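Next up: a single chain in structure tokens, the form predicted alone.
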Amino acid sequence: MYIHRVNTRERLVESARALLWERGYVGTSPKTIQQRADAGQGSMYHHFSGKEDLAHAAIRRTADELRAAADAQLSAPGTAVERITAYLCRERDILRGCPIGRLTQDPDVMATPALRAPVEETFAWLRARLAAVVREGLDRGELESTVDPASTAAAIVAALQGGYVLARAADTTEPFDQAVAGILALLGARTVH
């Protein structure tokens, strides 16, 4: 019996994650989540107090997974630029956009503190983590001393998120690839040779 409840909860969270990425919060109804999860209304309300509670669990899980994946690449061996390159060039579903970044365009998510919190925390964490990698590069003498870690990290995140938006608007990955190439060229130009 316990395993069935855990599986139902997991199906609900995974269904909510997929639907939030596809449709956003407003476009995702509890009924649609339940149908996709093959779970009844009673099951949903057994595990969650409502749509917001389920959405929070789904957003939190997506945020945690994105952070873990980014941290694995940013913590790998190599120079600062090599690690940032690995992060920027990892495999992504570019035309679907960033599952966390897309939530910033959802007014209900941004207006609901519990839903907004994991989005804000993820971007703050990513900027701080990238800034730490840039700082390591500075400390090791890999980057020019004029490079500002916080500004560089913010530019990387902005280029990445903007690349998603441009790629979706053009229905091609080319703008995303250009944004990444531009950031890498700028970082390469700031590398000590």
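When you see a residue number, it is the position in the sequence shown, counting from 1. Note that the coordinates shown come from a computational prediction; the quantities given were computed from them, not determined experimentally.
From this point on, the text means the form predicted in complex with the DNA, which you will not see here.
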(message) Within 4.5 Å, heavy atoms only, one stretch in 62-70, 35-43, 136-144, 153-161 touches the DNA in the model of the complex. Which?
(response) 35-43
(message) Give me the residue from His56, Arg168, His47, Arg129 that has a heavy atom within 4.5 Å of the DNA in the model of the complex.
(response) His47
(request) With heavy atoms only and a cut-off of 4.5 Å, decide whether Pro149 touches the DNA in the model of the complex. (result) no
